[in-house]
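Below you'll find only one chain, the form predicted on its own, shown as structure tokens.
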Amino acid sequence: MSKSVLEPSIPSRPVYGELAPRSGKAHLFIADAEGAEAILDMAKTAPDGFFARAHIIYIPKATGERYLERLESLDPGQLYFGPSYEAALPRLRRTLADAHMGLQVYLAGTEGLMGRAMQEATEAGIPHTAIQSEHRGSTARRVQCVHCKGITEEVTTDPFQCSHCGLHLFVRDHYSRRLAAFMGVCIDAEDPGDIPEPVERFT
């Protein structure tokens, strides 16, 4: 899959780069779906023995086992292949809690995964300078309804119906790092019932 190209937006929208190997005592990778490709691309420039000190937490989602063999071939110190972010969370938190100074963190894949993993890493005391991120794959958004505060995962259309309160929401580009989510605002607040047809904006 080609690298993601995201349109320029407002300042609060995260900006992503490309993963690059850094020197460090240990390396933690958190990725989902096509995010595996970012790890595999980075591995081409990694020095010998780099992955022996690496822990890869990978959630394949719809890609199934497509990348498993190639990730295993990197011979990482630890490789976790899990069904969901929620299932991987205890492992991620324990890894961060046990981390020593010098840990480098690499995030790759969807914005929902990277935002949530970024939260965990910064709350655990990992400095921003030790965290890299690269977007790959789906542009589906994690959206918080500003009215009921509920969060809906994997939003692909705009507007969409809040999965918690049922309001029809316009998906703003405004992004909250604290919540790791974009903001959704009621689209028919001034003209109840005047709801545009949903458009597939995020794939």
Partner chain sequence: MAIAFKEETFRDDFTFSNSPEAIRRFPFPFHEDSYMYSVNLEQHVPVRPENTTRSLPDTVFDKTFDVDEHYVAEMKDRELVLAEDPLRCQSLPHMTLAGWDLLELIMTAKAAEYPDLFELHRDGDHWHWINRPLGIEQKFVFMDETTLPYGPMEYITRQTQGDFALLDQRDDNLWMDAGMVTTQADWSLDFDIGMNFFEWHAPVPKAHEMGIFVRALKFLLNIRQGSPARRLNWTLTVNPLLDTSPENYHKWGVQRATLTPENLGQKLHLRVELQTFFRLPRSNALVFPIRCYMISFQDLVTEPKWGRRMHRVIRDLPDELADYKGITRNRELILDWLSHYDDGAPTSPGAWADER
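Positions refer to the first chain, counted from 1. A quick note: this is a predicted structure, and the numbers were derived from the prediction, not measured.
This next part talks about the form predicted together with its partner chain, which is not shown.
With the partner omitted here, the residue from 167, 140, 43, 26 that has a non-hydrogen atom within 4.5 angstroms of its partner chain in the model of the complex is 167. Contact annotation for the candidate site: 12, 172 and 186 all lie close to its partner chain in the model of the complex (heavy atom within 4.5 Å). Just one listed stretch, out of 154 to 162, 174 to 182, 43 to 51, 27 to 35, contacts its partner chain in the model of the complex at the 4.5 Å heavy atom level, and that stretch is 174 to 182. Its partner chain in the model of the complex comes within 4.5 Å of a heavy atom belonging to residue 144. Taking non-hydrogen atoms only, residue 17 never approaches its partner chain to within 4.5 angstroms in the model of the complex.
Residue contact check for residue 192: one or more of its heavy atoms lie within 4.5 Å of its partner chain in the model of the complex.
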